[in-house]
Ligand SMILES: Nc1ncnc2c1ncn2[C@@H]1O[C@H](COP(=O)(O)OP(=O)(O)OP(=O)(O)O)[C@@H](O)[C@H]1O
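In structure tokens, the next block holds one chain alone, the form predicted on its own.
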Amino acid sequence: MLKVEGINVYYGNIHALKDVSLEVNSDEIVALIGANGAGKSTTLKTISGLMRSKTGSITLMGEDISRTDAHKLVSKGLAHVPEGRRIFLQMTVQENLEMGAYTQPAYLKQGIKDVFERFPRLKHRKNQIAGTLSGGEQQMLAIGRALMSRPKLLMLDEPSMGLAPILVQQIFDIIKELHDTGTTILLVEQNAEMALRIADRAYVLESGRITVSGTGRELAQSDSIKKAYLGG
């Protein structure tokens, strides 16, 4: 579904991503783990058209999207839930969801129904200003808004950040459920233990380079990964 080959991304003179290559197959959960500043969020931003690589290529379902504008990628089936949620704080829950459906107007009514079934807490707060929601509810709204575009590939950037442990488990349950119902997922997550537990495959990013890849189980059992990322 997604193939990233040899991308190099810079912030001015800083070489943020160095020959990064990865693949996400249809119906997989693929995790990208690594320390703060390793380049995980930059990788997602480059895939979704918010940043540009100087080299290499990015293909989505066989189509080269390396130079495609970010807003056009949404209609091609790519949705990106950014770090920090980035919901529209002054809008209501319902208005945020309506904004998420701008490429799928015919799906608006059914989409909102589907999101409210998946996230009952949002249904109870549909007329509430999004900025007054709890952190967990805001994350649910960010995911729900992305689902309104009916994505084939959903990219999640640090969905558990800043959440209480019980909410972290809820978010990961939601991710697993989305996968089970047919959504392909690329997950960036600092909680490596939880990410590897649900991932089919995973990549480790260190200082802008992919250093290790394998199945989620292989990485979870690796002594070096345990020591570096799992507190083992």
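In case it trips you up, residue 1 is the first one in the sequence shown, and so on. Note that this is a predicted model, so its numbers are computed, not measured.
As for the form predicted together with the named molecule, it is not shown, yet the points below apply to it.
- When the named molecule is considered in the predicted bound form, only one residue from Ser66, Thr183, Gln190, Gln170 comes within 4.5 Å through any heavy atom, namely Gln190.
- This chain lacks the partner; the member of Leu219, Ile210, Val24, Ala16 within 4.5 angstroms of the named molecule in the predicted bound form by a non-hydrogen atom is Ala16.
- Here the chain stands alone, but in the predicted bound form its contact with the named molecule, taken as any heavy atom within 4.5 Å, falls in 36-44 among 173-181, 193-201, 55-63, 36-44.
- At the 4.5 Å threshold, heavy atoms of Asp114 stay clear of the named molecule in the predicted bound form, well away from it.
- Heavy atoms of Glu158 reach within 4.5 Å of the named molecule in the predicted bound form, making it an interface residue.
- Within this chain, Glu83 lines the site of the named molecule in the predicted bound form, having a heavy atom no more than 4.5 Å away.
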